[in-house]
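A lone chain, given as structure tokens: the form predicted on its own.
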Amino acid sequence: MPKTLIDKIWDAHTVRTEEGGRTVLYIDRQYIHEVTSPVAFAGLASRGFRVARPAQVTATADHNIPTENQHLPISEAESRTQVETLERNCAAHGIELFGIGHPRQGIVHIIGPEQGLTLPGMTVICGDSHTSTHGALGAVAFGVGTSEVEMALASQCIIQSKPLSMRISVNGPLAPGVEAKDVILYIISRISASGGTGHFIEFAGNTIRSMSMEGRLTLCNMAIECGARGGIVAPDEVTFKYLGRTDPQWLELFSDPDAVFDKEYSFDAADIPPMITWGTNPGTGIAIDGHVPANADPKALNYMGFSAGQKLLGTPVDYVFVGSCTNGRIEDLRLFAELVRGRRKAPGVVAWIVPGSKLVERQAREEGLEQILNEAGFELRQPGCSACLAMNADKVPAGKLCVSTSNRNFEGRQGPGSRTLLSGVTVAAAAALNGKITDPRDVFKQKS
């Protein structure tokens, strides 16, 4: 019987199927961080359990840590406690930890792929919703709750219902100034923030095939923002080059030609413009030169301070954030640096440029990107989740408008009362340079 790629990986990791259809699923790699692991470790301790396979668990500090002066103790008491608790738990159970200052530290969904810990055909979990990122390497990866974090630590297995399958195909060349972030924001705007609910998405088509691995990581990172369980891209030469090796088993990781998906969508890349969101969920994306929909949610409009039918171009911007597990990779920093080279940041804009890992930070310095940023009036900060979710010191003040390359624009996501417009790196760079929402295609014209 023909199988989808998701079927192949899921079935290969099924230990048994429980009465009622739920699967006992074996997990190849579990990632943990300081926020969702303490309660799980406390549960293990209360039962007298040890971590079953510590070599298959990788820990890092990312959510609560500051992005400057990381050599100093964390000033915020709760954040400091969570990071210190992670350190103690990892030491007690023999788990490798990439803590603050470690040369391999970084955002959990960036360090896994960049260090070859996530591989094609794996099952991957973390107590973090954007674990879907790892699917770009051809892995079935998804976020889990704290009870499942504990379950996997104790048994290397979790109990899950097998998701439905969806294939989203995008074909054709992307227009200049359009990047992977625009593709996923466009897709979510078309199928809605709940359109993928209950499904695991395979991204396919020659547009996806032509993307770099870092673009694919951005794509899969936001698969859950349409309600999907996760996203995946079949491994190919791009994957193997990124990993620096090929395994014969990886060559079998593709959906069979006759495989049937529960739902399918197809999009033309020529229809995708640079995107920006206007509302309070990632499904509110519009073209950078488009208008807020006439039927826009009044509650979201009131929070954001916009009106139905309004054009966002020219709207003043207070903050710009480039980073997170969505767009904090070296390719993102290279693109941002190229766009701002020889220019100056708008004086009224606060910009946080945050690498996703120590490796990205080091590359940015070695490649001269930090110097370019400094000359343009920007500062390269230190690795961490930063303003993606404001669990650290990087908070956007109430009422301020932030163009952000992160993944969520919920009310208060970047700080109580903050207002977030999601975008790709090019839109963020244009906003940082001009102090207002600007069409990045104009920036490209001026740079050519």
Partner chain sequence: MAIPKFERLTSRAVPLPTQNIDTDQIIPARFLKATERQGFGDNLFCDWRSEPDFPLNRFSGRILVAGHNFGCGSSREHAAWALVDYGFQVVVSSFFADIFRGNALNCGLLPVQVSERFLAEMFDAIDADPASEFIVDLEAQTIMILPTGASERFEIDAYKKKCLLGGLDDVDYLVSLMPEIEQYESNI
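Residue numbers count along the first chain shown, from 1. In this text, all values refer to a predicted model and were calculated from it rather than measured experimentally.
One more form of this protein should be noted, the form predicted together with its partner chain, which is absent from this view; the next part is about it.
Undergrad: If you check in the predicted complex, is residue 411 within 4.5 Å of its partner chain, heavy atoms only?
TA: Yes, residue 411 lies within 4.5 Å of its partner chain in the predicted complex.
Undergrad: Classify residue 331 as contacting or not contacting its partner chain in the predicted complex by the rule of any non-hydrogen atom within 4.5 angstroms, answering yes or no.
TA: Residue-level check for residue 331: no, no contact with its partner chain.
Undergrad: Does residue 13 reach its partner chain in the predicted complex if we count a contact as any heavy atom within 4.5 Å?
TA: Answer yes; at least one heavy atom of residue 13 falls within 4.5 Å of its partner chain in the predicted complex.
Undergrad: Decide whether residue 76 counts as a contact residue for its partner chain in the predicted complex under a heavy atom distance cut-off of 4.5 Å.
TA: Yes, residue 76 sits close enough to its partner chain in the predicted complex that at least one of its heavy atoms falls within 4.5 Å.
Undergrad: From the list 115, 212, 169, 129, which entry has a heavy atom within 4.5 Å of its partner chain in the predicted complex?
TA: The residue from 115, 212, 169, 129 that makes the contact is 129.
Undergrad: Identify, from the list 154, 92, 175, 313, the residue with a heavy atom within 4.5 Å of its partner chain in the predicted complex.
TA: Exactly one residue meets the criterion: 154.
Undergrad: Is its partner chain close enough to 49, 159 and 224 in the predicted complex that each of the three has a heavy atom within 4.5 Å of it?
TA: Checked in the predicted complex: all three residues contact its partner chain.
Undergrad: Can you tell me which of 93 to 101, 225 to 233, 362 to 370, 265 to 273 lies within 4.5 Å of its partner chain in the predicted complex, counting heavy atoms only?
TA: The contacting stretch here is 225 to 233.
Undergrad: Heavy atoms within 4.5 Å of its partner chain in the predicted complex is the criterion; list the residues of 189 to 221 that meet it.
TA: The stretch 189 to 221, when checked against its partner chain in the predicted complex, contributes 193, 194, 197, 198, 199 at the 4.5 Å heavy-atom cut-off.
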